[in-house]
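Only one chain is included here, represented as structure tokens and corresponding to the form predicted on its own.
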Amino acid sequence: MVQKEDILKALSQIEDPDLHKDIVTLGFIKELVIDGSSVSFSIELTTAGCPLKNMFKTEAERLVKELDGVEKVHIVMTARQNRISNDSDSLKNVKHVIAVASAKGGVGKSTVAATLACEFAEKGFKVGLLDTDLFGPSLPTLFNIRESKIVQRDNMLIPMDYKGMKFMSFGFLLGDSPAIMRGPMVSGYIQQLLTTVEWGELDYLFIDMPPGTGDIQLTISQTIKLDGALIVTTRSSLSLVDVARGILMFEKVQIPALGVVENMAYFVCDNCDKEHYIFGEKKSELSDRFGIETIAHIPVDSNRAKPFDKYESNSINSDLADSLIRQVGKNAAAATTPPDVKLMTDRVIITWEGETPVEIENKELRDSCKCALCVDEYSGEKTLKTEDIPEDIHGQEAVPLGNYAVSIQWSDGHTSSIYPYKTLKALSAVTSDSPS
């Protein structure tokens, strides 16, 4: 009869491509039972609806059936309950809360948030969409909602039910009137939207954040707990400068960045089917600059200008939703242990637990910055001049960004340097290999 060790050894050949470990080491295999020639077990994934589940199930069944003495294999796919804990009655039955954000306006953030809500609903999830832009609410226009039926019950606002999704926007309450208010009033209205809406049971609540890094963003991050933030940007230099600010803001309030969506990245020519990049040819992935993954490149397409009451799914939007699901699971499963970063007068020393410290001279590290102020986005050419960097340059503050990068503020006043950990290790390797 087949033994438990044989089954686990076979299953250890399956690697999770996001976590880079096999499913046995990750503890995915549960309730393993051997009954003669029949084997049953469950595979517990990091998040419900993971697009890898069919692949895991098919491969696990094949590997176990190949073992001598096994005739039947029964596999149950389950998911961990990674529910975040929000204390308010409004969100107590909401499993995941994700902010869709951009530090720069006009990059299509609200359209991406609406796309995600529709795609997740099509995949069978219970979805809510909260529009928190008080001064320019987008949700009513995006979904062509002329009349909203928002009612109040027991001091709670009842969100609008739209094709199985739940919507709430300040635009439903305000209508076409302009929002004229100052800081304290803004914070009060935002807290009301966050804590007095009766969402009920939801798998995912998407929060369409207003652009910027001001009072509203801070109020949201301090009022409720978020699984993370998805950052939407274009590749223009103006947008990329603000991406760095957005990442830093979320990390300082302990909200992980789940990934970047590069919107309006290119358009496809009708005649030649060539991809034309609007902001210059793509020189590198944004992950090389910011450390976090770029989970989608969305093209300019006239179909994206249609109201969402006529929404139709497509492969790009479906892949965007699948990628976000995987990022949520990856973030929930991955232990984040930031490295120790020491800022010295002549160098920076980065130490990961159990690894040899990485040492890079200050001037070299400052010279390698790839932010939009130091590299021309259109040409990819470096604009920072090495000779302009002070010889006594040194770091004044270092902020570890989750498990992907570190931000350093320099003594020359430069504050937008973000160094992915893989970049730091590569720089250190080059330095150590250079002749002294």
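Computed from a prediction, not measured in an experiment: that's the story for all the values here. When you see a residue number, it is the position in the sequence shown, counting from 1.
Keep in mind that the form predicted in complex with adenosine-5'-diphosphate (ADP) is missing from the display, and what follows is about it.
adenosine-5'-diphosphate (ADP) is not drawn, but in the predicted complex it has a heavy atom within 4.5 Å of T111. Heavy atoms of I150 never reach within 4.5 Å of adenosine-5'-diphosphate (ADP) in the predicted complex, leaving it off the interface. At least one heavy atom of R304 is located within 4.5 Å of adenosine-5'-diphosphate (ADP) in the predicted complex. Although the partner is absent here, I75 lies well away from adenosine-5'-diphosphate (ADP) in the predicted complex, with no heavy atom inside 4.5 Å. Distance criterion of 4.5 Å from any heavy atom to adenosine-5'-diphosphate (ADP) in the predicted complex singles out G106 from the list G164, G106, P357, G188. For the options M264, V328, V127, V197, the residue carrying a heavy atom within 4.5 angstroms of adenosine-5'-diphosphate (ADP) in the predicted complex is M264. Contact annotation: adenosine-5'-diphosphate (ADP) lies within 4.5 Å of heavy atoms from the stretch 293-301 in the predicted complex, the single such stretch among 198-206, 154-162, 358-366, 293-301.
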